[in-house]
Ligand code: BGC
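What follows is a single chain, given as structure tokens, in the form predicted alone.
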Amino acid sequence: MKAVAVFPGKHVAEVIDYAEPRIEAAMQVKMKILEIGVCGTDREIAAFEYGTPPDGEDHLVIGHEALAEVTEVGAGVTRVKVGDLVVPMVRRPCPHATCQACQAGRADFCYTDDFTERGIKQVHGFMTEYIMDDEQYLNVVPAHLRDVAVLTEPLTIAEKALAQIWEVQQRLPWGCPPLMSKVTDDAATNGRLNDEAHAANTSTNISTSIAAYCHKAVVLGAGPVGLLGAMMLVANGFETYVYSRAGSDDTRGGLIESFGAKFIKAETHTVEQMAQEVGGIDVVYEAVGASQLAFDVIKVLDTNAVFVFTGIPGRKGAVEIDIDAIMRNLVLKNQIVFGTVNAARSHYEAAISDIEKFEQQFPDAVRGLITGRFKIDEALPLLRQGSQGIKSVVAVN
């Protein structure tokens, strides 16, 4: 069968002949790859910036944003069945018994950095015709999401970020003072709050309700990860703005407006002007990997705000940062800055659920993210030429 692989030692990327896998253990599942999303990580690996082959091998089969169909299962498999559509997870736990995160099923928080990742680090990826995996790493997708389910893995980045935002913000009464009494009174009337939660104003129900009233989020970057994050924030009740360069692509602004967010062009608005138009930034979801932009935006965060880094900047020159202003605001305004990477099973499940919501609420927008489908023999130009539209997908079968 065909596979797209990189040979780091030779600085070569090519379509290779690859042995079709066979089930050899009770918990293994054989799958036919349907689609693979092409992302910046794949392009960086194909440019030999990183990417590590399995031990003892000279090549790495790339691809980690996969949608597959189960074709065969081992004798012990119970979570999936033949014919199921599945999205496989990317990261796998390290082997160390002392790693509390991996032992708890949270390899996305691995302490040792000895984790492996399909198509990225020491394990072959999914840009091929058939793959094998253990059932514990598979997430079943409803059949009616077939056309958009390949977006699941990039959406998990935003899902993990939002989960941490809710957890972090439970440290404070996170809402709008004029609306707090209405939200809590309505909740109490409907019997959703106990007396302790009503007095403290800190329950998850209150936080979620308040978000629907007033929280404002800014997404940095209008690539697939940014746009999926913006959709998620809109679906979760945030007044959402996307701040990005428009370039020559005028279609993204219309797509952003179509699912209820607002597009602010970096060509026409400075960071300060953007912040003034938003009118108080509660959350920033960074999805562009531009360090100067990120630290400029940190300076204009509102009180009690959260800034989430998901992008990784390339190796460029030094940038100017007003450290004093940032540090002063972090302390005096109770702000939080954190980074996040990869995802756990709960985030995959949340992503699948949210994609289903997107399909119901703004189907044209979510389908519009996929702007090109290509054969596996056409994958190499996609990896070399950079972004094609919004999201390019390799349709294998």
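Residue numbers here begin at 1 and follow the sequence given. None of these values were measured; they are calculated from a predicted model.
Note that the form predicted together with this ligand isn't included here; everything after this is about it.
The candidate site formed by V90, I120 and E153 is fully in contact with this ligand in the predicted bound form, as each residue has a non-hydrogen atom within 4.5 angstroms of it. Within 4.5 Å of any heavy atom of this ligand in the predicted bound form lies no heavy atom of F338. Taking non-hydrogen atoms only, I157 approaches this ligand to within 4.5 angstroms in the predicted bound form. A residue is said to contact a partner when one of its heavy atoms sits within 4.5 Å of a partner heavy atom; F48 fails this definition for this ligand in the predicted bound form, lying far away.
Proximity of T41 to this ligand in the predicted bound form falls within the 4.5 Å heavy atom cutoff. Partner contacts here mean any heavy atom within 4.5 Å of this ligand in the predicted bound form, and among 112 to 120, 163 to 171, 141 to 149, 229 to 237 they occur only in 112 to 120. Checked against this ligand in the predicted bound form, the candidates T371, N329, Q28, N342 yield a single residue with a heavy atom inside 4.5 Å, and that residue is N342. Taking this ligand as it sits in the predicted bound form, the stretch 60 to 89 comes within 4.5 angstroms of it through a non-hydrogen atom at just one residue, H64.
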